[in-house]
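Encoded as structure tokens, the following chain is the form predicted alone, with no partner shown.
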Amino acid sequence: MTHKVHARIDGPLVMIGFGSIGRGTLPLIERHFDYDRESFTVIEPSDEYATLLSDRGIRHVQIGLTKENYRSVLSSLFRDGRGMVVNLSVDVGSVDMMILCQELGVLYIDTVIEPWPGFYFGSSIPNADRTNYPLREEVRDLGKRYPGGPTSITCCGANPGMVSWLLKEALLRLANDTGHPVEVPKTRDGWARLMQSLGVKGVHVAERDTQVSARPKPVGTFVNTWSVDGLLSEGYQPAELGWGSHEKKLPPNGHGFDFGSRCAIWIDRPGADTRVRSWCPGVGPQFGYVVTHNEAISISDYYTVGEGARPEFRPTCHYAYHPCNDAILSLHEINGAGQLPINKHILTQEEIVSGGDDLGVFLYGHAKGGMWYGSRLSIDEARRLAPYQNATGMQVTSAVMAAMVWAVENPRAGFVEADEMDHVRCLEVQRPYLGRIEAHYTDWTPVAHRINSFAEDVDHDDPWQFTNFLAV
């Protein structure tokens, strides 16, 4: 198969981390970029995949980056203000990486604002400060110091990342399907007013992972379809969501912020133990976890009309994640045990026997009720499309690849989030790896389909209140 080369990377290409997402991104880089292979370096402390790298002529620096060594290690790889860093690691401080890349004059991409070790577990940091909101505010403030500097794309994988591009397509589709077709907005305010005019009250980043292995999950092993460390770290931050202007009251143990855009709230309990009612195609109504993600904050912020804590319009937004069944069982085990797992395993495309990943945006409260729009990618399709990744991984790696293309084509954009990028161009690059992009409408609401009546905090006057979604 012939693959289109989208861009050329001039200068060194450095990938930090070579876990499941790094390995899955590698063949997409090889297919879609022109680059100097002798200038391609992977920084990864493990030697598990050293042969894979050496067989491709890729330099492997077997070291873990720390606060003490990151400057010397990275500075030695860049000399003349050219090149790109693709940070796909855990426990490597993203903010420090971004600052260094600005100083070196090189492009930067990551999938999450990652702190240095000591932030996620066993920390004395107050829970409010362990949320993504202050991390994002720090990066947004940092961007003001480097306007028009080398492009630094933060938080751009499948979600956060791809879902922001799909949301713009979904809004245009919803406008057309409700009889109000519009020209593509050119500004952030234009997009926000489009969402407001359509009556959208909120957005779930609604995902259902149905991939299964023929081998039962071993007791005591945390099994997932992507980084176990990534799921645990974000899952044990407090639950967090963008907070809409239509909401009447905070959820139990809910708290706002008194600085920045004030577009989000946090709940004083872990996201991996906070359930909400949501909806995905195929399965229909489901429970999802309110795992904190940057897109929950950035989407609410981007689509705000007005300013401050009480703007004219702002949507509620949060992740509603139903991971694969083995990950659900794994979460039950560690929540019950009260300790992190010793054994971890990521399901490969070879051992998964069926299923796929449906990942999209569920827009609710508008004239047609609910609309899910997103990628439906099966494991069989993932196998055919590229090696080293399952359906979940491919939605991430293809978004990383699309962001790399956009960065090369827009090298002086400064600090940007996925919401601020050209969604048409990014999805043009990514779409061949997303399976089916589908729109589904439903009349489901979170107050429907209750098996029995119990004492719950239900607002029947407005079914789209967050308290109706929250499952206690």
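Each residue number is its position in the shown sequence, starting from 1. The shown structure was predicted, so the numbers you read here are calculated from the model rather than taken from an experiment.
The form predicted together with nicotinamide-adenine-dinucleotide is left out here; the points below concern that form.
K.L.:
May I ask you to choose, among 340, 90, 73, 142, the residue with a heavy atom within 4.5 Å of nicotinamide-adenine-dinucleotide in the predicted bound form?
P.N.:
Among 340, 90, 73, 142, a heavy atom within 4.5 Å of nicotinamide-adenine-dinucleotide in the predicted bound form occurs only for 90.
K.L.:
Which of 150, 230, 251, 370 has a heavy atom within 4.5 Å of nicotinamide-adenine-dinucleotide in the predicted bound form?
P.N.:
None of the others qualify; the residue that does is 230.
K.L.:
Could you confirm whether residue 358 comes within 4.5 Å of nicotinamide-adenine-dinucleotide in the predicted bound form, counting heavy atoms only?
P.N.:
Answer no; every heavy atom of residue 358 is more than 4.5 Å from nicotinamide-adenine-dinucleotide in the predicted bound form.
K.L.:
Just to confirm, residue 65 within 4.5 Å of nicotinamide-adenine-dinucleotide in the predicted bound form by heavy atoms?
P.N.:
Residue 65: yes, in contact with nicotinamide-adenine-dinucleotide in the predicted bound form.
K.L.:
Would you check, heavy atoms only and a 4.5 Å threshold, whether residue 419 touches nicotinamide-adenine-dinucleotide in the predicted bound form?
P.N.:
The answer is no: residue 419 has no heavy atom within 4.5 Å of nicotinamide-adenine-dinucleotide.
K.L.:
Do residue 405 and nicotinamide-adenine-dinucleotide come within 4.5 Å of each other in the predicted bound form, heavy atoms counted?
P.N.:
Heavy-atom contact with nicotinamide-adenine-dinucleotide at 4.5 Å: absent for residue 405.
K.L.:
Quick one: which of 126-134, 241-249, 105-113, 272-280 gets within 4.5 Å of nicotinamide-adenine-dinucleotide in the predicted bound form, going by heavy atoms?
P.N.:
One stretch meets the cut-off, namely 105-113.
K.L.:
Sequence order please: the residues of 14-36 with a heavy atom within 4.5 Å of nicotinamide-adenine-dinucleotide in the predicted bound form.
P.N.:
Counting only heavy atoms within 4.5 Å of nicotinamide-adenine-dinucleotide in the predicted bound form, the contacting residues of 14-36 are 16, 17, 18, 19, 20, 21, 22.
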